[in-house]
Structure formats: C-alpha cells, structure tokens
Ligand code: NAP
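Just one chain follows, in the form predicted alone, and it is written as structure tokens.
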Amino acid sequence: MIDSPLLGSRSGFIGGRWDSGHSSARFEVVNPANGAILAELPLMSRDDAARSVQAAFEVLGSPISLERRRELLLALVDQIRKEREEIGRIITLENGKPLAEACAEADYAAGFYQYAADHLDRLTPRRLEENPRGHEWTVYARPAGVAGLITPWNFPFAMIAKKLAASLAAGAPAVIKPAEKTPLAMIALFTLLERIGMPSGLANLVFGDASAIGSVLCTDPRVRVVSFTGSTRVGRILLEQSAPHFKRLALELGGNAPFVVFADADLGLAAEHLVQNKLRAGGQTCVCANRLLVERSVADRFEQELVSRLEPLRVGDGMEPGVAVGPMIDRAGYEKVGQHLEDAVAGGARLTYQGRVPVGDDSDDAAETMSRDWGWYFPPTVLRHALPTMLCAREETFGPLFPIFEFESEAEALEMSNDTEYGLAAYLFTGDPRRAERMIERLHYGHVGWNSGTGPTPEAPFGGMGHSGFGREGGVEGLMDFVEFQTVARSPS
C-alpha cells in the first residue's frame, strides 16, 4: 500500500467532506510496473454521483466573487509547487511514467491554475461603449452551472487542471470523475484543495463505475457543462446522452497525428522532437505522433537519426533512475500495440529497430508472463515501408511504435496527413516557410507544431476538429466553456 501525506483519506469528496459513498464495493489501484496494490478505494455509485451534483448545485445559490476565485487558484498553485515531488511520486506509482516526467506534469498542471488566475479580468462585467437605443448595456459572465469533469489515466493530475482551472475561474462548481486506474492523484489534489479552504461543494470527487457516473452527469438537468477527455467512442455516448438536455459539451477525443518531415528539414531536430513527442507517457497520449510521413529521398537518413536517439533509452519502472520509458498502463494497451506491429509486418512493413525490455521480462515461463496483469513493457519499435491501409495508419496506436510512411510530393504529404477522421494534432518539419504556410492552412487539425513536436500549453487554446471533438482548453478561450453571458440593458430614466 502506498503511504503519502497527500493520501490521508482513501475516499471520495462530497460537499466539503471525505465520503466513501453508500456502496460496500471496493476496487484496487495497482502499480503497472510491478503489480503492487497501492490502495483499495470505494466503488462509488450513481446515488453518490447524484449527491455530488446536489452539493455542487447548492453552491450556485451563493456566488463566489472573482477575487475569492483568484485567491483559491493562486493558493492551489502554491501548494502544487510545494508538493510537486510527492505529486510526481504518486503519479509514477499509479501511472507508470518516469518520475521526472511525472514531476513535470505537476508543473504543467500548476500552469493552468496560474493562467486562469492571471486572466480572471476577462470575466469581469463589461460595459458597451455604444449605448445602443439610449440604454446602458452591461455583459456579465455568469457561471454556466454545475460542471461534470471526466478525465483519463494518461495525465491524471494535468488533465483535470485543464478543466478545473477554468471551472474554478468561472465559479462553476464541479463534480470530478477520474479514471479508475489513476484516482490517487485526484485524492492528492483534493487534499490540497482542503488545505486552501475550498468552499464546500465547489469541487466534488467521485470514482467508480464510469458508465453509471457518466450517465448521471449527462442526464441530471442540474449539470449544464460536461467536459470529457478520452476516446471518441465514449465521447459519442456522452454526446447522445446529453443531447436531450441541451448541455454544453467540451470533448477532447482521439487523435491520429501525422508527423511530416520534408527533405529540406533539419533531420536531427525532427528526430529529436519526435522522440520527445512520441515517448511522453510511453506513447500513450492523444497528441503524440502516430504516423511518421517522411519524404522518400531522406527516409533512410531520418531513420538513422531516429534510431540513434532511441538506442540509449532505457525501458523500465518509472521510479528507477535513468528510465525513459515506463510500462504500458495495462495488458490491453500492450496487446493493441502488438496487434498494430503484427498487422504492419504481415502487410509488408519491415521491423528495423526494437529496444529492449527490462531484464527478467523476457521470462522463459511464458504462461506466467501472460497470466499476470502488470509489467507490460513495450520497447520503442521502428517500422519502415508502412502503408495507409495498415492498422497503425487507421487507428490510434497509443504506444511506442514508430511507423514510417514515405511520400514523394507536398500534395501527397498533405493528402496523407488529412486521410483520417481525426483532427487533434499534427506536426510539420520543413525549412521552407512558404511551404509551411501552405500546409498548415490546409491541415485539418486543432494544433499544429511547425519545426516542433511540442504539445499544448496553458496559455493557448487546445482542442480538436472532426472526430477529435470540440471545445477548447487553455488560453482565454478555455475559460469561456464554463460561463454563460448575460446581457443587461438599463434605461437611464
């Protein structure tokens, strides 16, 4: 069992109190690196979710001032920065990512709360200068209502920051549902929220049956905003359930990011950014490169640059020094990457590089290895001669597979890039600014990196197009998903 000052309570949080819910059912949180049981938590029910909604709804009767919201956000930033190492340790133990990366996730999360605090003035009442119809007009940003926030396991501390920072800034009380695989980071967050004196009901935590709790958030009329990060399949379900209630949704869904490298690019720079981009969270992110589109004339050289950067990387337990790639979150994730690899090789792709897994994982006892539910280490793997018909081109792999597809012309690169229903992130490497401008204008993606593999930042809006969802997180635009604008016209007489 994990021991941490941030995990004093092993329960949910409803109406300002730690709450284990009404069900006697429990579930285990397991370290994906070694199978150790970290905690046993209550499997909370639909009724517990409904109680959380009620607690949040009651907050709307006593609006929280903008200045108080700013104080809470800044106090939370201070607490996260003080506890970043312990937060990072918790993330690594339940998620598997390397410790340095987990600590960086805590910093990243703090950035969203800081940005929201720094830009609260965008939500102050605004007087219209024109005075139309001889009236005084004022536009108010009111809390949109109770917000249901549903987050995945790959960034258990940062994903909620994207949503909760904007919700707190708007004064919209929240019900948070984290992934069952990684709920401990949220318990740590609520420990910090309790420390800073968060008003009762402003944020509530429930974990348990995802479909049951998600259904409550989508069908309860008191919930007016649902913000979800996860698969397109689940996003579609939430959309259908919410439609009869005219809720506002913000959905960050799946991706299939192209990483386009032209012959005139700095190949070393492109390879360096690709490794950083692709191996964040072990390749288990929606924004990481999924299809490597490389101009044929430099494909061999680019592969050499890539492999030279992969060879030194160590795969293993994220708590061990020097580890760059942790385990897959579970067996299902491991098997999906393996399926994509096998499909590509069967279709004519050539496996040209594969790293090593931790010593002892290549067990002679295959039955023992396959029967356990932990330690699913997949090493960085490079494929050449991948084709658009392969699974690794049509689906999101969500793992450290590097399939290289070759193209001949700018037009072909653009066509291949947009040959997907998803539109979350894309990356483009070229030394020609005019080509970059032409390509970027035609790439159907919400986020584009130009000579960079960087992902989202708190200061800029981020979200998808097409089947990657809608709504934005980060930037001023992200604050607006949790407010409704009310216009008041006042006669001077």
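A quick note: this is a predicted structure, and the numbers were derived from the prediction, not measured. Note that residue numbering follows the sequence shown and begins at 1.
Separately, the form predicted in complex with the ligand exists; it is not shown, and the next lines address it.
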TODO: Report the stretch among 292-300, 221-229, 345-353, 112-120 that approaches the ligand in the model of the complex to within 4.5 Å, counting heavy atoms only.
DONE: 221-229
- [ ] Identify which of 257, 90, 261, 253 has a heavy atom within 4.5 Å of the ligand in the model of the complex; exactly one of them does.
- [x] 253
TODO: Counting non-hydrogen atoms within 4.5 angstroms of the ligand in the model of the complex, say which of 305, 94, 406, 396 makes the cut.
DONE: 396
Open item on the list: Does any part of residue 333 reach within 4.5 Å of the ligand in the model of the complex? Heavy atoms only, please.
Closed with: no
Open item on the list: Is residue 210 part of the interface with the ligand in the model of the complex - any heavy atom within 4.5 Å?
Closed with: yes
Open item on the list: Although the partner isn't part of this model, could you tell me whether residue 154 comes within 4.5 Å of the ligand in the model of the complex, counting any heavy atom of the residue?
Closed with: yes
Open item on the list: Check residue 86 for me: does it contact the ligand in the model of the complex (non-hydrogen atoms, 4.5 angstroms)?
Closed with: no
Open item on the list: Using a 4.5 Å cut-off on any heavy atom, which residues of 415-429 would contact the ligand in the model of the complex?
Closed with: 424
